[in-house]
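Coming up is one lone chain in structure tokens, specifically the form predicted on its own.
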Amino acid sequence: MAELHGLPPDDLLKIYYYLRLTRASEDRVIKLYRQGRVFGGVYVSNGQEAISVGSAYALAPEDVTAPSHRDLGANYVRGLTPREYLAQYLGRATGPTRGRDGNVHYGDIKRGILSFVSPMADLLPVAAGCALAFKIRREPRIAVGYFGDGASSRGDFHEAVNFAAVLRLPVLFICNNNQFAYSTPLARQMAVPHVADRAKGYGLPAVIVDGNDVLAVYTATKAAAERARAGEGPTLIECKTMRMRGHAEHDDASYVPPQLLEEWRAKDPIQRLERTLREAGILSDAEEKRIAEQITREVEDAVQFAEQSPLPDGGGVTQGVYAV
């Protein structure tokens, strides 16, 4: 069978699996939220799964990611399980935060996943700090900081990018440009047409990628990672996409023009990869059915696991809490 973007068929099918697992997991959590079974809000990456999956698949196991609230796919690629994801959203003691949080503020340092911080762009200086540590220790590792278009208008973004550029740190800044910063359209929060344009002011290279093409995201990330690992410094990767749901499930996104959603629905990243794999003879009807059934089993098993898991014991609320 043919390779695509240097990836053999087994890897291409894994990427397809991660895209569908991410979509199925988040769709299931949305249903649980509508049934009143989720504590707190729900944030999903519907329509932009290719950015997190494609970029994370290009990394090495020893690298570090600083994901945002729409990067479940990256967490899955790095080893998070559907059981952990569902237990987190249902606030159970078996979730990554052991019930201390009900949605996306989790991480796992053993898997190189930094915990998400709600104020957008706050994790970018942390990613740059990790990259500085790797450089000082002479370790061939890189850090990846994910952010949205709205976050690029905050001071944290500019401080992190400038710091990384000056010190030529091994860090990638990956932008999920999904056209809306909560309810603010792109043109109302930045005067340049592309987030990538902002990199020029700090002297670091930037590339613009079709964020709904998972293989394009993979290839751009792999090239930037090799550049960073070779000591050539950071890269900003702007992935153009569209947020297909509200900022969170409590937001009906009525401010988004319907025709814009229709335009981007035709570019769905999962359907695009599926067409590509079928045309290349890599994905058959039988293989598609096998993957779909596997994902259904995994997600339903995760729901049952989460619902049968205990709620947190209040007596342990101070465990793992530190003050500085």
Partner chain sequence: MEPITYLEAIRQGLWEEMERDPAVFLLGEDIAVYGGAFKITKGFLEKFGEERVIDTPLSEAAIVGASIGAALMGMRPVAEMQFADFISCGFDQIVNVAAKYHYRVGTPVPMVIRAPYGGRLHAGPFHSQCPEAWFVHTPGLKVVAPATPEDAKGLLKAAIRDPNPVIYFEHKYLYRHEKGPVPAGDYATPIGVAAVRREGRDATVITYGAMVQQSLEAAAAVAKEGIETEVLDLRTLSPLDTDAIVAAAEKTGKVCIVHEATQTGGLGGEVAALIAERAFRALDAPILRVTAPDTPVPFSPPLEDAYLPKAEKIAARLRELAAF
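Values in this document were obtained by computation on a predicted structure and should not be read as measured data. Under this definition, the rigid core comprises the largest set of C-alpha atoms superposing within 1.5 Å between the forms. Positions refer to the first chain, counted from 1.
A second form of this protein, the form predicted in complex with its partner chain, is not displayed here; the remarks below concern that form.
Heavy atoms of no residue among Y218, R243 and S254 are located within 4.5 Å of its partner chain in the predicted complex.
Judged by heavy atoms within 4.5 Å of its partner chain in the predicted complex, the contact stretch among the candidates 225-233, 181-189, 114-122, 70-78 is 114-122. Contact check for C130: a non-hydrogen atom falls within 4.5 Å of its partner chain in the predicted complex.
Although the partner is absent here, P96 lies within 4.5 Å of its partner chain in the predicted complex, judged by heavy atoms. S153 falls outside the set of residues with a heavy atom inside 4.5 Å of its partner chain in the predicted complex. E249 falls outside the set of residues with a heavy atom inside 4.5 Å of its partner chain in the predicted complex. In the predicted complex, V64 is the single residue of 53-69 with at least one heavy atom within 4.5 Å of its partner chain. In the core-superposed comparison between this form and the one not shown, P310 has its Cα shifted by less than 2 Å.
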